[in-house]
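First come two forms of one protein chain, each written alone as structure tokens, so that there is a structure 1 and a structure 2.
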Structure 1
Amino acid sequence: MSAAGRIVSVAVPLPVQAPFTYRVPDELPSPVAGCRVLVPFGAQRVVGMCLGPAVTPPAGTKLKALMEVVDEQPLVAPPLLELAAWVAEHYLAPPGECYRLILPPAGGRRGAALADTAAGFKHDRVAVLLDASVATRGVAQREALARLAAAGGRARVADLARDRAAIRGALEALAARGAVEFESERVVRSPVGLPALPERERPELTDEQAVALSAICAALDRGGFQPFLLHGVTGSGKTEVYLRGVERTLETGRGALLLVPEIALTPLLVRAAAARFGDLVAVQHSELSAGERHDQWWRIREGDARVVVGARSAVFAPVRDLGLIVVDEEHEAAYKQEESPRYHGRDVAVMRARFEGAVALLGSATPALESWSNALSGKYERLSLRKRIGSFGLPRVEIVDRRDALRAGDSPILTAPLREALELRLSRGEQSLLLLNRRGWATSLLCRECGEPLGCPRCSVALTLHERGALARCHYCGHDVRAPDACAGCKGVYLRLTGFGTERVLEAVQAALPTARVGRLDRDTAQRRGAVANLLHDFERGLLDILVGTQMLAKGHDFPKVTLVGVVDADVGLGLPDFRAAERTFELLTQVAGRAGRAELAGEVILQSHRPDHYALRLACDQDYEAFYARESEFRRTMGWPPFASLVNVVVRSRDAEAGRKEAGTLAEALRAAAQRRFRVLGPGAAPLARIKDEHRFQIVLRGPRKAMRDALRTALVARHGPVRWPGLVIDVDALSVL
């Protein structure tokens, strides 16, 4: 590297929008793009990513020096470096935060940061027998040699000394005299135990599966980038197509990546993949311990694992020679990251496939409207599985009008048809799922004297009641308080619980069916590590009769004994002021209905609704996605919402309401001046959630061509704040919601 080339650009893992320039001291090697470097940044020392030679600064500019070059060679392949750069550009995200996504997680040691390497693996000490004839000195040494010989001459020290601590010291003494020696054996910390799937015969493909798989395999054999959209009704065998695609990928000598939207779904897919591919499977998701994530990353990077299963962040796993990326349930909003960088895992997966020259396979029974639009335009190749596997086909669906039921004095939670259907399944030894996409005991505590609900002191939302109404909690900031006996405003004592959540549904089921074994699956019960996998395993083994839960129940699960799905309130979400409300409702109801009757038992679905004639409900009953797309796209096209335009949601946050309002107004004015009819600027106005964690929030929504909006927003922010820091802003490119 020339003298000028001894100046490098470094992306630091902090919320700054531009890389920084450093000089390379003579005593350090010259880092290349993709190597990690230790640099001073203010009072901190941080590990950043070298982006290559920097533009020579003006004469007299004083540059800080690199402190250490961590890697001699880049840890990740060029396609991942390209991907991180694309994420930063596409989502207007801080570059250092994007490059951090492709680097190994810390190994769990205190103070470990990005500089953690393969050395972070846990190591076990192993004793090796060299000379059993050495004269021993004492009982412990004789026993140590005997145990080591009995173990075949090589054993872990911890195993030899498990029941007698003196063995450890005896081995040390024997090593000093040349009788034994010690070695270090690397131990990979594996994810929490996953019970093996019961052995099943390899299923014979249906004609539709065979056609879909043939197209995928042809693309894998040709090589190069090819995106597919696999649209298959629930229970049509999409997972088998995924696994057969992975088989062909491995046969071509390349690796595969299987993405699921929720951590709750990873155990099932991991077990299916491990049954097919054994030790070639690795897992990546945030519920693993730091050490497990670290070890799994290095297994993948070193090529020991060729098939990776994981949630959203696994899209950045360092799979060697990546040939296939599967995005299961590609429509799911859970693929969108809610913190910076706010990337969409599905879209990043497609771009990674492009950079890697790989096949991208997006699968869903209810594709996102954006994905279906891409398929109709020819951007994706569409594959279809229209028939459900099994002799009974799709489940029978009944809609119960809750208005009539409540007028007749029926229960607001379990109407007579749903209660009777649950009783019938219990008597037949079959299982049921009950969905309510709202957790907690009650939605709010209302004062009947002044009409005010119990609100969060830090957020502009009502507190949700938990623990039979005794605890009030904010689902945004975590604030909780014991439920009061009187209104904080008017001091009235006539307080009333309104609405209900999964906690109350579980109690209602237990009261109506006292012999039933009932479990609950929602974010509250999923807090403890491994809780979701254990609960689902118990349900799979038949230890529970009824499982109550939120949308975590709705997708991906395959329980042969589930013959009834009840949706307690099918209208949850329909009334939200969000252009995707109908789409989300259709997706959720279609997906959860698909959990019933997936084996050799007929399925039934009961939807309880106050709006039984809404098109999202009616079309979900028939699993008629194409009719739903036609109806919904008419509304979206007329209003100019995605997929017929792109969306950028900008939120200005400030602890001072007036300062935040002024800042939002100034930014909106600059954007309108730049728009020149190329895109629309809506707002500014108070965000639907006007205050969260004591920060006031003001919203500007941009709608139109993505590049024009991004360029205008970047220009306005650089002019306002400079190129480095954009304080108090949330920028969500390709926003899924404007709430």
Structure 2
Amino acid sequence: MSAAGRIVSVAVPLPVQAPFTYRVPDELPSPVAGCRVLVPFGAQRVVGMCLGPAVTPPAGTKLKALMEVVDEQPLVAPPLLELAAWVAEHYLAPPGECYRLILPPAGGRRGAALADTAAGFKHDRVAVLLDASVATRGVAQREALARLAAAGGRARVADLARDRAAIRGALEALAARGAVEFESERVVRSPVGLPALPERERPELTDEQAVALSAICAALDRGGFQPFLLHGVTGSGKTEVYLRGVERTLETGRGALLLVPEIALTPLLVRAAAARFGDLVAVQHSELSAGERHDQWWRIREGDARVVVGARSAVFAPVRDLGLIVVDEEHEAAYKQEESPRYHGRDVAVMRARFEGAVALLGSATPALESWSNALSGKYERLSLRKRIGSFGLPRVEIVDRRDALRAGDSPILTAPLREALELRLSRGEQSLLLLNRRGWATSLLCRECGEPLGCPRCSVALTLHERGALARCHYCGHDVRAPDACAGCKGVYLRLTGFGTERVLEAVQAALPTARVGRLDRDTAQRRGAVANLLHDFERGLLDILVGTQMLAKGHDFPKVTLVGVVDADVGLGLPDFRAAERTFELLTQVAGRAGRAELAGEVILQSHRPDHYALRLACDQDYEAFYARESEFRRTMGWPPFASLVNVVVRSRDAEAGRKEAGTLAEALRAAAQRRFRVLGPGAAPLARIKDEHRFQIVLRGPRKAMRDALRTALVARHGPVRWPGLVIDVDALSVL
């Protein structure tokens, strides 16, 4: 290629559907694929990713020139470049947004480079005792010395002063007099603010764990891509299998990725990994500052951190020589990114393993139907842990028919059997979890005269009542109002609260069991930084008897003293008009039931339901995943839903309802013409949430083979909007739901 004719293709981090072509000016070196470049884009300057040489544009095309080549060597390894390209292609997502996923996060100092790789560590101040015999002045100094001595003469200042701020000043004063000296210690921040677990004796593996591990190790030793599905009932010891897999990966000189649905809610795995792999671990949690995130990216890139624990976006972490990717609780919807680029972390993890020649290990007690069918077809190798660790086995599950309770005039929130079971735990000093997958005080405020619920002015949903019914809030846009005294429609003054949420449950429990110490865990109480960690920590330390909460309770917690799990309303998700309603309900109930009786104490589960005969409930009671899978598969196959077809959900959004409807109609027509019976086009119709934040939403659902649908969609959109910008559209390939 002549120097004068150098042109390259660049993905810019903007919502545009195609890369752009730039000229490389004479004074700059030729960037190769994987190097960042600074380019002009409209009036802006943006850092994009060079994708390599571009095809020569037609003669006479005026090309803009690169402004700077940021990296002389590719910043990321080829497998990650391939991965970003795959995400763009598979999800029909803007390529520049996909390449941004593999770049260092913004927020670092400009030009920050390899030199600050060690900065992912925090330097903590440590006090060291030099002379315990100096005369002290005042109680604080005396106590500071005593604490330091009790800690063996060396301790973090923050720990010494945790419950008594005056200790800090006392230590300073003691230092001035030569009794104490300060050092700064390089320590890895304890993830999510929880104390790291002490490295316990490594347990001897059960036979089942050993079998699973040996299959994984064989694949690791062999090298090359191999996906596994580890189906292990709750409490069967999946974590230990993951950790041993990571250990073997490190021994073979490669790195590992441990993905969890949500860091704050899976403290066990995070802490165990931190305890076992120490300084080699980087934990990517949401409370890291932008600068910390940036530093950590470089630490991983440079190979200082070889084990990365994180939520879905960590799947793109630049781990060197990746040998193993673990996806814990692989069925979790939290792996799906619901904003552009809309990818599924689990599926991206499997693709990354393929590009890296690595082992993918997906684990769950309730695998997604997609994963299970991949295991049945042999795409994934299946490993099973059928038995719980410990002597008690799975908890006993009982269903209480709420209809009987209502007829008997019993409380709709806590029926007599559930109340008695809670009392029993309280008297024995054991703990309980109470699940209701609905936050707030009441689900709506109804006018008795016109029957209308109080709705959000900007969204087509009813407002949820909070703070004992005083505050009405939209769960979609956050709109808040004081609950009115009269109906906005008919001015009627007889308003009635209907339904109940976690706030009400908390109060009902406090009323029924006045001596119980009760906490609440849901999106509302989790707002504050560190709140989730603190609450879980208090519960773990026995400062609370009962924890009330939403599905946040159901994740991978391991609370040894929980012997009762109560589900206040097991039917919450069943009524949703979504093909995954039964799967989600089964999953949630099985997972939350799995929190009971995990150690030396037997567990009991009580489900309150209006529909005790529904198969999702009955099979969750029996914890019979395979029977559920068989039953649910039949339904999905008959109806043509995933995993028996792919799904693309297209939503046209518009402030102007008429314009949106017309646009969706035109698009659906083009898609129908292209479909030719290869796939189905449903709609357009108003989306189930027809209006959010004053935007009207029209929906088209495509079902069939993914590639045909994607190609047709791309062609239709290019014809309508051109190749660059597709405004007002949400394209969700492999959508988890059609709601």
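Treat the numbers as computed from the prediction; the structure is a model and nothing was measured. For the two forms, the rigid core is made up of the largest set of C-alpha atoms that agree within 1.5 Å on superposition. FYI, numbering is relative to structure 1, first residue = 1.
Look at both copies of the chain and name the one that is the form predicted together with adenosine-5'-diphosphate (ADP).
Here the form predicted together with adenosine-5'-diphosphate (ADP) corresponds to structure 2.
C-alpha of residue 178: shift of 2 angstroms or more between structures 1 and 2, rigid core aligned?
The answer is yes; the displacement is at least 2 Å.
After a core superposition, would you say residue 408 shifts its C-alpha by at least 2 Å between structures 1 and 2?
Not so; residue 408 is displaced by less than 2 Å.
Just checking, between structures 1 and 2 and with the core aligned, does residue 287 shift 2 Å or more at the CA?
Yes, its C-alpha moves 2 Å or more.
If the core is used for the superposition, what shift in Å does the C-alpha of residue 264 show between structures 1 and 2?
Comparing between structures 1 and 2 after core fitting, residue 264 shifts 2.4 Å at its C-alpha.
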